[in-house]
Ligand code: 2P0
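First, one chain by itself: the form predicted alone, in structure tokens.
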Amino acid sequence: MATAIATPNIAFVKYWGNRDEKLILPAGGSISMTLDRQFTTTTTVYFPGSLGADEIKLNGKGVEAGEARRIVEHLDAMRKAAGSKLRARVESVNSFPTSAGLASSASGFAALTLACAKALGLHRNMSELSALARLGSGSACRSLFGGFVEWEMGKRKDGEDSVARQIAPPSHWPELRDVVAIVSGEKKHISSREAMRRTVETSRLFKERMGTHGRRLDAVREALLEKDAGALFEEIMTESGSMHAVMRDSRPPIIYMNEVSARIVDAVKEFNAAGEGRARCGYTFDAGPNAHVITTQRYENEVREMLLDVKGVKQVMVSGVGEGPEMSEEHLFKI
């Protein structure tokens, strides 16, 4: 038995679209910030040796067939890596809305990967484990590290070089904040995986997006390493707009943002226009209507108040830069 606690991450340069669906090999690299313990997934995995099938619970309930299949497939990948055939009992709890565009799959599969590795006695370094986490959810590979993380797309067909690495620790820029505006806790109408597949297959703009992707990776990496807040905020807003543009260009269109999301975009633009000549914050949206507004400690309270004034925002949570996952001796169930 083993228990792991992981947190989501917010991508500054997005992972959206695969060049290999089975191995989850991305069409381009991505860069993210790991969130702190405001958002957690805690997962306990137990391999008793007596189960005939895997047993899975999320937030105290069973999971729907599609999600259960995805989790079992990941358990199979972990068992294969460890040379085991034991079935598992898995219980997982999220401290934030599940499947609502807040990267619950990233923290969920990161925690599952770490707990499985510990319980099965699988000794791999974090880079190797990130390649396994990727198979469950692409963005999960980034949640295996704290601070600022880059997932390299790799070139090999077997995916061995498509791994995540930390490009800067949390101590590099501890003043950075993610002010999260909760617009909806409802489950997404279309999963990220299905939406990515549709985008790659049908969006005419996708090729154009990927043509500028490398430049944006370089720009965001440089802004992070130089701690250039203004440049970072401008880049992440452009990047978020690019990803949602190719979604809308898909057939049929994929629309995750809603009217409240649009109001947040306008509020951020007004807030920046009233500033000192440079952006004081920047919005980014993943596959959902909830907004991540990145800013610094200096403007944290002002950004929080600004978001609370937006009609339709239900809750605002603030995350600093996270330290990454950890193992726990407190399990979710007893044996």
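We number the residues from 1 along the sequence you see. Quantities reported herein were computed from a predicted structural model and do not represent experimental measurements.
What comes next is about the form predicted together with the named molecule, which does not appear here.
Colleague: Work out which of the listed stretches, 59 to 67, 285 to 293, 33 to 41, 262 to 270, brings a heavy atom within 4.5 angstroms of the named molecule in the model of the complex.
Modeller: Of the options, only 285 to 293 has residues within 4.5 Å of the partner.
Colleague: Which listed residue (Lys227, Arg124, Arg193, Arg87) meets the criterion of a heavy atom within 4.5 Å of the named molecule in the model of the complex?
Modeller: Only one listed residue qualifies here, and that residue is Arg193.
Colleague: Report the residue, out of His172, Lys118, Lys188, Arg248, that has at least one non-hydrogen atom within 4.5 angstroms of the named molecule in the model of the complex.
Modeller: Selected residue: Lys188.
Colleague: When the named molecule is placed as it is in the model of the complex, are Thr3, Ser95 and Ala111 each within 4.5 Å of it, taking any non-hydrogen atom of the residue?
Modeller: Not a single listed residue reaches the named molecule in the model of the complex, so no.
Colleague: Closest heavy atom of Ser105 to the named molecule in the model of the complex, within 4.5 Å or not?
Modeller: Yes.
Colleague: Indicate whether Met243 is a 4.5 Å heavy atom neighbour of the named molecule in the model of the complex.
Modeller: Result yes; Met243 sits at the interface with the named molecule in the model of the complex.
Colleague: Contact between Ser137 and the named molecule in the model of the complex at 4.5 Å, heavy atoms?
Modeller: Yes, Ser137 sits close enough to the named molecule in the model of the complex that at least one of its heavy atoms falls within 4.5 Å.
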